[in-house]
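Only one chain comes next, encoded as structure tokens, the form predicted alone.
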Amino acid sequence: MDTEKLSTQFSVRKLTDNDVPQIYELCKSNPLYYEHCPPFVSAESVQRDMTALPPHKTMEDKFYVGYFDGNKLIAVLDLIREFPDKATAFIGFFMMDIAMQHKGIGTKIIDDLCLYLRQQGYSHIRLSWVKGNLQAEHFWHKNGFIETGVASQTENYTMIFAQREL
């Protein structure tokens, strides 16, 4: 996957341990997310997320990327290719800098991502949000994601799975 082609507007690259301070600052600017999906972000939780994988996937399938406006990190995306099947890409995490929200930028990022994935032969993109997080639910509905009818219960919350056809 050519990460530079994930956006027509921003530079995109894989994030590394050197980026953890910037990722942490971006994430902690979104306390509402962590009210629904505890615990609150830490540098350690960012590092764990950077290497977290679903079953039967390897780091070669994971693209934990940052979207940059110049040198400023404005969004983080965790994308897993070919999960849960070969025709589907999975967004494990997407977060925008709070100062960049409500400007159409997140929608543009997701539209560019979907276009690129369709060009790469994917048929679907799947993700989940925490039940009760109306901000996330609204954003993903606005961006063409429809609930699959599948939910998964964790210790602290219920995940609602949704998918967008490409």
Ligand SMILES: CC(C)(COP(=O)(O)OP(=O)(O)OC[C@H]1O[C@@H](n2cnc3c(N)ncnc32)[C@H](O)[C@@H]1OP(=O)(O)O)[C@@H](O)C(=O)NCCC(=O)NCCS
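One-based numbering along the sequence shown. Please read all numbers here as calculations on a predicted model, not as lab measurements.
Separately, the form predicted in complex with the named molecule exists; it is not shown, and the next lines address it.
Select, from the options 114-122, 93-101, 41-49, 59-67, the stretch whose residues sit within 4.5 angstroms of the named molecule in the predicted bound form by heavy atom distance. Result for this chain: 93-101.
Quick check on Lys14: any heavy atom within 4.5 Å of the named molecule in the predicted bound form? Judged by the heavy-atom cut-off of 4.5 Å, Lys14 is well away from the named molecule in the predicted bound form.
With the named molecule taken in the predicted bound form, which residues across 109-136 come within 4.5 angstroms through any non-hydrogen atom? In sequence order, Ser128, Trp129, Asn133, Leu134, Gln135, Ala136 come within 4.5 Å of the partner.
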